[in-house]
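What follows is a pair of forms of the same protein chain, given separately as structure tokens and numbered structure 1 and structure 2.
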Structure 1
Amino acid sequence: MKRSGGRIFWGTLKYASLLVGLFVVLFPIWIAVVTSLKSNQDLSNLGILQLPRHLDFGNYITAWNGGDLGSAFLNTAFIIVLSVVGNITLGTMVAYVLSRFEFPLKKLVLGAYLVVLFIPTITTQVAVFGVIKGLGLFDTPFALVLLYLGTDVVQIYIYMQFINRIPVSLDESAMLDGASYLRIYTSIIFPLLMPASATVAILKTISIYGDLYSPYLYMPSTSLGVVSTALMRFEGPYSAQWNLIMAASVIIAIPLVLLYLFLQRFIFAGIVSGAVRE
């Protein structure tokens, strides 16, 4: 009886915690959707939890046009594609070298990536801004592309974990066939890192998609607005149009959710199943 009672207790606690977690995740989304459907009158007269008297779907049209979201999506997509492709290419190359080769100061190089995590970004902004300005990239999309190209220690470790699971015998067999290190990387290592690259692509895309500080600092022109800075167009010095901000936020969130749903099946896929055959 005691064992049965304990099992019921822990089972109840488990599902209760899951319900609490589900509420914490979905409640902000519910508030955003409800607020996005409120008219200006309902927004001022009703509480934040109250449903709108009349659903105002026109907020989404106004948010799309007023925030120039079409142009913002194009600018964001341009930056994300170039940045993620370059980031994955550099990240896989660095991880390949650190995983497969022994050279002096190897641990120091890996440690340098780790140390960067402990340096506040704000402390380096003056120097970074000077570099971007000196390269003539200020107020251009390539300023952000250059900033986002750099890989970090999280990506390095993700790739290294995957590379360590790839048998070294594949490299040796390719070298016996006359393949160079570049050929081994492009023909063997990189294709087998696709599941890891999907994970890195999701993480990097989310990071770039939600970044407000960098686009605001390095691309101040209105024509170069991205999805994060587009939300600022509905804010004034004394007030904000929260129904339009929430409508724009819902529109902006949809592509990211679809991207995750499309790529998540690659994350846990095996990377070397069938690579070595007896």
Structure 2
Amino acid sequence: MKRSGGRIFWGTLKYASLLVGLFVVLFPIWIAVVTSLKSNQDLSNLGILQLPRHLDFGNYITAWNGGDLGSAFLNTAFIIVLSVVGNITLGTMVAYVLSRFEFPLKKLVLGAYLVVLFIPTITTQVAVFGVIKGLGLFDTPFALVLLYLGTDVVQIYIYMQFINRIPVSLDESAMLDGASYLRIYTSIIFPLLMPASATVAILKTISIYGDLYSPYLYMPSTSLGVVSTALMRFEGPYSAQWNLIMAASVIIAIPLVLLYLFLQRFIFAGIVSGAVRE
């Protein structure tokens, strides 16, 4: 008797908690979407929680054109594609060398990547700024590509875990056929690392898409706006026009939400393997 009473209590508490969590998560998003669909008239006449009298998609068109969001998406895509491709190439190269070869400074290389993990990137921007200017990359997308290109200890760790599961006998039989190390990397290691690369690419895409300060600092030109900076600049001329600001925010949020819908598994796996390291 007591036992089943407890079960009902816990069951109720469990679902009640989850529903509260769900509400807290969804309420802001709901408000954003509802507001983005309100005409100026509905925005001023109706209560904030009220649904629009008719759906007005005009805000989305105004936001898209007024915020130059099309070019923001193109700029962002350009930077993401270049960075991710380079990032995967460099990450697999480092991991291949570190896991398949013994050499004197190996520990030092790994240690260097580990130390960097604890340097908050934003703090060093005061000095990085000088480097970017010195390289003549200020106010070009290549400034960002270069900053995003470098691999990090989390990626190296993910890749090394995968490489260690590729039997060395595979390398050896290729060597018997006369394959060079470079050839082993390009035709055995790199292709077999594809699943890990998918995880790395998704994590990198999320972090680049959400980065705000680097584009703000290194690409001040309006024409070079990426999603974050374009959205930030959108607020100025349209301040207090919340239906437009919410429409722009929803537009900017959609691509990663779509990515999330289709690639949820990879995202969760990536976050977990990034956090659970030795």
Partner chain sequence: MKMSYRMQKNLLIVGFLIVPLALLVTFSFYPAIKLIYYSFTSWDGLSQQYPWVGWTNYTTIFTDPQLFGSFLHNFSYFIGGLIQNVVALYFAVLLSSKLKGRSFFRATLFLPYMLNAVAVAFIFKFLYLDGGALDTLLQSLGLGFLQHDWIGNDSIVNWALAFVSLWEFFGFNMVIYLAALQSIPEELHEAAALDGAGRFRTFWYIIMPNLRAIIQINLLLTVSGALEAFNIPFVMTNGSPPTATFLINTMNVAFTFNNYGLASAMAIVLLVIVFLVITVQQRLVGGGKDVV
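The first residue in the sequence of structure 1 is number 1, and each one after it adds one. Remember, predicted model here, so these are calculated numbers, not experimental data. C-alpha atoms forming the largest set that superposes within 1.5 Å between two forms make up the rigid core.
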Of structures 1 and 2, select the one representing the form predicted on its own. 1
Flag for Ser221, CA shift 2 Å or larger between structure 1 and structure 2 after aligning core: no
Hey, does Leu37 budge by 2 Å or more at the Cα between structure 1 and structure 2 once the core is superposed? yes
Asp68: Cα shift of 2 Å or greater between structure 1 and structure 2 (core-aligned): no
Could you tell me the distance the CA of Leu46 travels between structure 1 and structure 2 after a rigid core superposition, in angstrom? 6.3
